[in-house]
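We begin with a single chain expressed as structure tokens, specifically the form predicted on its own.
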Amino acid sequence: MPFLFFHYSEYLKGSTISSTVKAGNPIDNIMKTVLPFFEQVNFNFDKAAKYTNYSPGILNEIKICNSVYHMTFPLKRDNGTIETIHAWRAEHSHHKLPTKGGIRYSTLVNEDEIMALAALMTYKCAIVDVPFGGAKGGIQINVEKYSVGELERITRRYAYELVSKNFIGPGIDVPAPDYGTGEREMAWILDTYTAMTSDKLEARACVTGKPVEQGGIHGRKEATGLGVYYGLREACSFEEDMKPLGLSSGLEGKSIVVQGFGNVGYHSAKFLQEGGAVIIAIAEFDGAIYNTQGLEVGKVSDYRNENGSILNFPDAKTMKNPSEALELECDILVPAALENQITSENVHRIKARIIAEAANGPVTPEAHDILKNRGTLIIPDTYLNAGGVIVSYFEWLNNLSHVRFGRVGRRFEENSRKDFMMAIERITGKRLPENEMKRLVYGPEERTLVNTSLEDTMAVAYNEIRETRTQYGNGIDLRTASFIKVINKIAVSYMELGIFP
């Protein structure tokens, strides 16, 4: 069956197919237009699958989207008018349960996007060894055009639909925040689910990314951005990988452009700056700001909160066209917005030596291959933005165990350290200052445990991907290597379930 190629702008409008590529090996076809998002994900999957020995039946089962629920429901607006809301929830893979994935609110939400994001969640979880299948949800709205009361009614009705169709639950499907949603929406979903379920004890585990007071976990909000930092730091630590790019190892002094200044973009920029990198540009939907000497991320955030925009930030050049920021000379470009930001149309103007995919699917397959052939290092989304689901997993475990990280054993650990330090004082005859003693014996809090666990997970996963790339030769890029790891891990899971021999 031939691949169908769409112009993305036409595709979003629901227009007819613009061109069709003749049947053949889709991997070898030259793409002149942008594939639908789910086809892009499957294109990358197929590219890696040819390096494995699994049967077509197993491979098709891995990449197919198992369940998709499209719902419509009425919303009574504050002015009394009635509006029809379109929403989706997709469960891509049930090789592990529950399925897991965020909920986004955007006018660009559609069934193809939700299926693609659910698939990426499956692969993301497999890469970092989080025992979830992938899922995703979305509501086709512009949050800026609805009051808080209207958003609450939309969210609660969406949660009601999910409960009614058995698309949510601690052991079934566990949503989380995504583009356009946050702790507030997760709290509404939790409250609705709790009111409708008979299992009150485990209800908190039905959703992650909640306020800490309602069962959330410290560190979840910044987890994706912090994971981007840990992943980039690990990637840049290999001198032999940096040298061909003309870069030294480490993040220190590297110039970075960040596209998107939402939760992921802000925290990525913040932690990268704290790690010694120089943030020279930040782009948002309405424009970008640029300063070769570096931007203070915290000050940019404060300015945006006060003025409603990052534009005209003092001591920075303002660019009205945000896409110009993508084309700036820099060491690392961090797309942290939406998919399809680097395509065949603008890829030849991209000057970054490293592309760090903090967003899902920001680089199309054709653009990816052009960048790869140019020698650009692309750190794929299937790995780099997995920080959110890693920490969501910790939150889910907390909710099921009813014990927060650090509570059990913390005082015992502190007392043990204190006894040890006092023994050293007795032996040496020297007494430590009180503040130094407190620093050395202080037991880890939840945030510290979460962040160190995230750091370790991101480092281990990157090294596994890198080893796979080395195993298959220099012709394999990190994205293909990550998909090879994914296929192997999920295929083994299916075999363990006895689904395939």
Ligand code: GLU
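Numbering starts at 1 and runs along the sequence shown. No experiment lies behind these values; they were computed from the predicted model shown.
Beyond what is shown, the protein has a form predicted together with glutamic acid; the following relates to that form.
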{"item": "Option from 234-242, 367-375, 277-285, 171-179 whose residues, in the predicted bound form, bring a heavy atom within 4.5 Å of glutamic acid", "value": "171-179"}
{"item": "Contact residue in the predicted bound form, from 268, 208, 382, 122 (heavy atom within 4.5 Å of glutamic acid)", "value": "208"}
{"item": "Interface residue in the predicted bound form among 260, 102, 215, 361, criterion: non-hydrogen atom within 4.5 angstroms of glutamic acid", "value": "102"}
{"item": "Proximity of residue 138 to glutamic acid in the predicted bound form, heavy atoms at 4.5 Å", "value": "no"}
{"item": "Partner contact for residue 93 in the predicted bound form: glutamic acid, 4.5 angstroms, heavy atom", "value": "no"}
{"item": "Touches glutamic acid in the predicted bound form: residue 204 (any heavy atom, 4.5 Å)", "value": "no"}
{"item": "Contact of residue 389 with glutamic acid in the predicted bound form (heavy atom, 4.5 Å)", "value": "yes"}
{"item": "Residues from 215-239 in contact with glutamic acid (non-hydrogen atom within 4.5 Å) in the predicted bound form", "value": "220"}
